[in-house]
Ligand code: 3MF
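The chain below stands alone and is given in structure tokens; this is the form predicted on its own.
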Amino acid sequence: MAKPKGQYRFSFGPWNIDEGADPFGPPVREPIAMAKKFKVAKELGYHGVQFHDDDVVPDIDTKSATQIAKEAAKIKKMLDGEGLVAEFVAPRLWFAPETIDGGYTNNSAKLREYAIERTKTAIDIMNMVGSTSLVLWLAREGTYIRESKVGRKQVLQIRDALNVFLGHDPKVRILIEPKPNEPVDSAIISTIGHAVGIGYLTSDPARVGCLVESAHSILAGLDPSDDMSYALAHDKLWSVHLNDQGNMKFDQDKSFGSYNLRRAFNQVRVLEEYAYGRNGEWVGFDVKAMRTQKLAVGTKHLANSKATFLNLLDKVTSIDTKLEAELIKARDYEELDRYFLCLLMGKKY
């Protein structure tokens, strides 16, 4: 078994320890205080925390700049106390009533301005908690009915918004997290190819990259490892959200590797072959506890996802690359398939 080349730091968001509510039912677990979530992160061997802007500052739209700074300072102090860092901050625009018809692509100029100003505030909060990364999940940037918006115009509106954010902070790095659907029927920036492409339209492409979430790739009918490879070819894969997904259903955020272990293995392999993390990239887990989990075991999905990643990393670093090369040269792909199945099952080849 070879020594891993990658340098892996793990993170999750406060929303990954949740109350178990879903669109069809109420909460089933009691809320956990933010400080306790930080302690759990430390206990489970995580290194960082992902944030939405209103995770740091609840009811953000009702608070002054002074209040925002005060609350952000409290979160920073709590992180420091646990030896954790903030991976990124993301504006949670899709919860705001102003963005029901989109944020940066809203048909109302006034409401587009709201989305831009809210994001600028998120960048300020990002700095306050010690990060330089802004994640944009372009949740409502799209349409429920295509005739309601002009596609080319939407792309340029998002580009213009990105340029505003790049100008607002000369150090911010923007990570676009695409998803093909949910909550809108059709997202205008729906895949990693779209995310990488729009970065090149901006005023500073070097500061616009992307974040691949496993489930979002699967929802587009794609393999997450292929999306990661594409982004890596552009040097644009700056973070990942690993989870799993039962094909093209609703966004399930299953524990990493719980549905398709081979697909998870190939994601870990792509990262390891690149020596992921050497440039400061993060491995994030965006996973949900099963709704049936009791509060006392409501963080096992986080422990299990990290353990699965590390177990698969052991498999990746134990690949017989000489045998693999021989089988590829001989075009004996059936035998190559059998070799990897034996590897994953722990069976002697």
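All residue numbers are counted from 1 along the displayed sequence. What you see is a predicted model, and the numbers here were worked out from it, not measured in a lab.
The protein also exists as the form predicted in complex with this ligand; that form is not presented, and the subsequent description refers to it.
A heavy atom within 4.5 Å of this ligand in the predicted complex is found for one listed residue only; from 179, 140, 254, 112, this is 179. A heavy atom within 4.5 Å of this ligand in the predicted complex is found for exactly one of 90, 79, 72, 196: 90. For the marked spot (281, 306 and 309), a heavy atom within 4.5 Å of this ligand in the predicted complex is absent from each of the three residues. Only one segment in the set 228-236, 273-281, 90-98, 163-171 has residues whose heavy atoms sit within 4.5 Å of this ligand in the predicted complex; it is 90-98. A residue is said to contact a partner when one of its heavy atoms sits within 4.5 Å of a partner heavy atom; residue 135 meets this definition for this ligand in the predicted complex. Taking non-hydrogen atoms only, residue 286 approaches this ligand to within 4.5 angstroms in the predicted complex. Of the heavy atoms in residue 340, none are within 4.5 Å of this ligand in the predicted complex. Although the partner is absent here, residue 52 lies within 4.5 Å of this ligand in the predicted complex, judged by heavy atoms.
Residues of 208-232 lying near this ligand in the predicted complex, listed in sequence order, are 213, 216, the criterion being any heavy atom within 4.5 Å.
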